[in-house]
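Consider the single chain below, provided in structure tokens and representing the form predicted on its own.
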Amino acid sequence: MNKRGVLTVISGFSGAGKGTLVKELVRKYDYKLSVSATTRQPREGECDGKDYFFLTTEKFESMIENGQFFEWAKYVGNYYGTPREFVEQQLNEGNDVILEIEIQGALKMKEQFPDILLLFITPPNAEELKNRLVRRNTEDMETITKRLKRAEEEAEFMDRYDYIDINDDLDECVQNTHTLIQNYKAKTSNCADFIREMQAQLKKLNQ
């Protein structure tokens, strides 16, 4: 019914399982994953065009001036942003695109493009969030405490999202997210072309 794809923006607390969820959605349902651009140097094993588009500062700033980003921000001296061209191309081809970004960028995109779908991924409770951060065994308790404090701040924006998706069981969360995205495609605002076509056909039949 809807020929243009849906852009879904996924955010959530650190430790909520966003990355794993997105990988499963891409693997199981062939969603297209938007690749962000950055001016930071590639880390070991990262590939240009797959993990990020690695750009010079001059190139990035030129793209900002030319309006080539959906959203962009500067963190710890490096730029990060979402290039328009790839996303628009995929959506126009009818592909559903997933973008995993922080809350600041997600809300900025929603202001510019009200029809995008915002999903917030969260564990079932705060204690589970802490347990997951500890179980990752990648950071000391001081860093984990900072992440939990950041999560407290991020929770103030949860009601700005279209849906809350609780990641308690990964398989269920993947299925639920897929269902939410597919249902969102049937929203009247996402079916403008179909509505116009149906109206035109009925008008022609009744001439």
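The term rigid core refers to the most C-alpha atoms you can superpose between the two forms while keeping them within 1.5 Å. From 1 onward, residues are counted along the sequence shown. Everything numeric in this text was worked out from a predicted model, so none of it was measured.
If you look for the form predicted in complex with ligand 5GP, you will not find it shown, but the lines that follow are about it.
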Counting heavy atoms only and using a 4.5 Å cut-off, do L33, Q90 and D96 all touch ligand 5GP in the model of the complex? no
Report the stretch among 178 to 186, 40 to 48, 24 to 32, 159 to 167 that approaches ligand 5GP in the model of the complex to within 4.5 Å, counting heavy atoms only. 40 to 48
Partner contact for P123 in the model of the complex: ligand 5GP, 4.5 angstroms, heavy atom: no
Taking heavy atoms and a 4.5 Å cut-off, does V134 contact ligand 5GP in the model of the complex? no
Would you check, heavy atoms only and a 4.5 Å threshold, whether F53 touches ligand 5GP in the model of the complex? no
Would F113 count as a contact of ligand 5GP in the model of the complex, using a 4.5 angstroms cut-off between non-hydrogen atoms? no
Within 102 to 126, the residues having any heavy atom within 4.5 Å of ligand 5GP in the model of the complex are E102, G105
Does the distance between the two CA positions of G77 reach 2 Å or more between this form and the one not shown, the core being superposed? yes
Rigid core aligned, does the Cα position of N176 differ by 2 Å or more between this form and the one not shown? no
Spell out whether the Cα of E152 moves at least 2 Å between this form and the one not shown when the two forms are superposed on their rigid core. no
